[in-house]
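Only one chain comes next, encoded as structure tokens, the form predicted alone.
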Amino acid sequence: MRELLILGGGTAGTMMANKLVRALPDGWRITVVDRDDRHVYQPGLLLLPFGTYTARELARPRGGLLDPDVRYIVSGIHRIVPDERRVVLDDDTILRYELLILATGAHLHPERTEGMLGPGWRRDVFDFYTLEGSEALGARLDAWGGGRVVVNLVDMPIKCPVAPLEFAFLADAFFEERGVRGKTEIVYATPLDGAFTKPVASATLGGMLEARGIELATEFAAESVDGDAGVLRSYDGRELPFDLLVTVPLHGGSPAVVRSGLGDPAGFVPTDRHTLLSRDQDRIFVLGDATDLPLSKAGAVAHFQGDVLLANVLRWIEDRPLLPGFDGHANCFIETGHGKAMLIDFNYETEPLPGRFPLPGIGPFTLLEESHTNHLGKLAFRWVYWNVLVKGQELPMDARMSMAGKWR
């Protein structure tokens, strides 16, 4: 039996296992390893603090999402030894493989910012990138009567780069609906030189922040948090006082990847940007947030990568040349509050542009423009996620980005 081993049972790993189990030739077995049996619908964490979802609606057992023919092991991963084609689990169990897919994701590191986990953590300082953090933040918002809110991403890359902006927009709407917006200041602090990484989208989103009375603090590289004093400090000496700090902590790759010497300084795996093969190992493919690729770490990206990776795994097995088929395609809805959202669609070479998606001239979704339809699309995606995307089923979207329906 030839073993295809997938490390990570999140969006990317689960989706890929379910795609491959139906496509691999006879004589292959798929094994998925993850440290726990809780699969969280991460896009929902943004909406949980505002009452759109409950924690129970956002989590399911990982094993129940995998095809019955996929072997699933719940264990931490200690080390990968590529020269010997083996993986050592936390209990010293050794798994051997013919082919390895790293879908080990991105991990939060609040401990790497001085003081973030000190006094004030989960009292006045919150993240919303974990189920526990998002739920605790919701309780804090329910009791909010006014004050100064700072929304900060410590540094890039992060999962879903637009999520901190979405939080600022949703908070603005939430406080307005609660009648406390006039008593609340909102500051959006980012290490970038604008609201977003892409110029056209950055100008649009920056204008929306300004229109909503949200202060934009750019090139703010967070150095430390003083929870007792309620101050966020940057490396250049600037200080942002807060009554509530909503932070997106530093992200890094899997500790197992770091221990194995397979990652870059941040722990992400050097990956060929078009074939998704590791740049250093010829039996390792990389998928989703685990890569070092210059693109969004988001479920949609993993989906588009998955179509390319499926073809390349089969070509690898057949000893055929790999296809350079992935073009960096990414898209995501951006919640903007009051039942509206935007949609952006882009790739390595093309930044988000206005237009209609997915049907040119028809939509129904608008690009770089707010609409209620986009908001409904964001909410509908939860059903698509659980029933189509992670099941490895086909979605009616090409893996490669199309310029149809877009205008400059």
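Note that the coordinates shown come from a computational prediction; the quantities given were computed from them, not determined experimentally. We number the residues from 1 along the sequence you see.
The protein also exists as the form predicted together with a small molecule; that form is not presented, and the subsequent description refers to it.
In terms of contact with the small molecule in the predicted bound form, the residue from G133, G299, P249, G306 that brings a heavy atom within 4.5 Å is G299.
Contact with the small molecule in the predicted bound form, defined as a heavy atom within 4.5 Å, holds for exactly one of L287, V151, A171, A201, namely L287.
Contact with the small molecule in the predicted bound form holds for all three of P43, G76 and G105, each having a heavy atom within 4.5 Å. Partner contact region in the predicted bound form: 377 to 385, out of 50 to 58, 336 to 344, 377 to 385, 23 to 31, criterion any non-hydrogen atom within 4.5 Å of the small molecule.
Among heavy atoms of H274, none comes within 4.5 Å of the small molecule in the predicted bound form. Interface membership of K159, defined by any non-hydrogen atom within 4.5 Å of the small molecule in the predicted bound form, is confirmed. In the predicted bound form, no heavy atom of Y97 sits within 4.5 Å of the small molecule. Although the partner is absent here, S254 lies within 4.5 Å of the small molecule in the predicted bound form, judged by heavy atoms.
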